[in-house]
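The chain below stands alone and is given as structure tokens, in the form predicted on its own.
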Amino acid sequence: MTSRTMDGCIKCGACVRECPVLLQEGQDRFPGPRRLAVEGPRFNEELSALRSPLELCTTCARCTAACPSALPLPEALVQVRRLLYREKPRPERQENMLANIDGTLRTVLPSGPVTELPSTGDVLFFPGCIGHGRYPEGITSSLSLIRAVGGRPFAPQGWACCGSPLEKIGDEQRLARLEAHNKALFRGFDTVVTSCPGCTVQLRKRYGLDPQHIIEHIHGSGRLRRSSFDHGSPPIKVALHSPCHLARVVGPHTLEMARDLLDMVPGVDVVSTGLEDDCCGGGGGVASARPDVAERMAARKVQAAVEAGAELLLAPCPFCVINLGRTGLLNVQDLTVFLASRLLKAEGIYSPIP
């Protein structure tokens, strides 16, 4: 662990009080960030004793936001995972992910039709593994929105996983290989547009790029306005989920932008659930290591949206969309899919997945 994390903790308990996994699962199952990232390593506890609770951290960064010293507790916890997995095998679903990386350089294999990505253009778009392989409508919509604001999106041929899932489970060797592969493809481009907040954060942190999430890109263009959307669309009540990596790592401005964009769409009523900022449970490798925990966290959020009268739950993150959608309690869409579906069809830029 870094000395800043080890020595900077003042034992105030702020991270414990704010941790969504601890609040849901209880301290017996998940003792919290301080115990796992600071006290366990400091007092030389057997790493094997920390294995089960370490698998439950979603790396939502709520602990860092609450910490008066802003300690990088999720990063320190990932370092503990890295040490642990040098000696012990990973959960089966994570081993499957690693096999996919070794075979295809991507974490997931497509489960159906994928969106054809243009190979030339003036806006480099990085689709990300989960969007491209599991949520192609999100990719189609992102491409449509980039075109709607005047860009010609393209993806570099042979792109690989950004490496975020590997970092979260502590696989530095494969992570370095993916980064070297992608950096060669990205050479010469200072800005990349992404549809996945995890990719946005990873490209900023590890690649030295200045990536934009799709919400930042289309909002920042200033080219979308109320007249861009179909005034004949039926009214609808929606709830907006705040993805952890988008809101707390990319920045809270992204959710302000998302709300501005929804305000432009005629007939949309955004309802409050009271749990907008709560983690959906799908990040940090939890969805693959402990899907039962991820689904319980998702169900709590979706149920709150149902009780608030929402007809649709929107999330500007494909990973959150998939995890929230597993509950089956409410229709869940990526925000880009909803925005693109309400664009004026006369503009000829939106082509939904058949």
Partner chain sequence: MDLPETSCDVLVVGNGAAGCLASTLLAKRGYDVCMVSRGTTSTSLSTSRTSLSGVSRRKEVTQLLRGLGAAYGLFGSHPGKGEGITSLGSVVRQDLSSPHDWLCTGPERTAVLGLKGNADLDPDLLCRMAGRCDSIGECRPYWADLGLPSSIDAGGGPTITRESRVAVEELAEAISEMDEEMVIIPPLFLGPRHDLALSILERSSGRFIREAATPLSNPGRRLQACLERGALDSGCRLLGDRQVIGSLAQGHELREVRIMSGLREGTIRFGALVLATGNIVSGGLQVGCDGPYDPVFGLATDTCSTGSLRSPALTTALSVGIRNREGRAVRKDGSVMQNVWVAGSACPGLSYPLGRGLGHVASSALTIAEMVRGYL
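For clarity, every value in this text was computed on a predicted model and none was experimentally measured. Residue numbers count along the first chain shown, from 1.
Keep in mind the form predicted together with the partner chain is missing from the figure; the text below concerns it.
task = Answer for His213 alone: is it within 4.5 Å of the partner chain in the predicted bound form, judged on heavy atom distances?
result = Result yes; His213 sits at the interface with the partner chain in the predicted bound form.
task = Could you confirm whether Pro252 comes within 4.5 Å of the partner chain in the predicted bound form, counting heavy atoms only?
result = Output for Pro252 is yes: heavy atoms within 4.5 Å of the partner chain.
key: Contact of Pro68 with the partner chain in the predicted bound form (heavy atom, 4.5 Å)   = It does: once the partner chain is placed as it appears in the predicted bound form, Pro68 has a heavy atom within 4.5 Å of it.
ask   = Does the 4.5 Å heavy atom contact test between Val268 and the partner chain in the predicted bound form come out positive?
value = No - in the predicted bound form, heavy atoms of Val268 and the partner chain never come within 4.5 Å of each other.
Heavy atom of each of Thr200, Glu256 and Glu307 within 4.5 Å of the partner chain in the predicted bound form = Checking in the predicted bound form: Thr200, Glu256 and Glu307 are all within 4.5 Å of the partner chain.
ask   = Out of the stretches listed (177-185, 111-119, 244-252, 92-100), which one is close to the partner chain in the predicted bound form, meaning heavy atoms within 4.5 Å?
value = Within 4.5 Å of the partner lies stretch 244-252.
ask   = Only one of Arg204, Arg152, Lys237, Arg134 has a non-hydrogen atom within 4.5 angstroms of the partner chain in the predicted bound form; which is it?
value = Going through each option in turn, the one that passes is Arg204.
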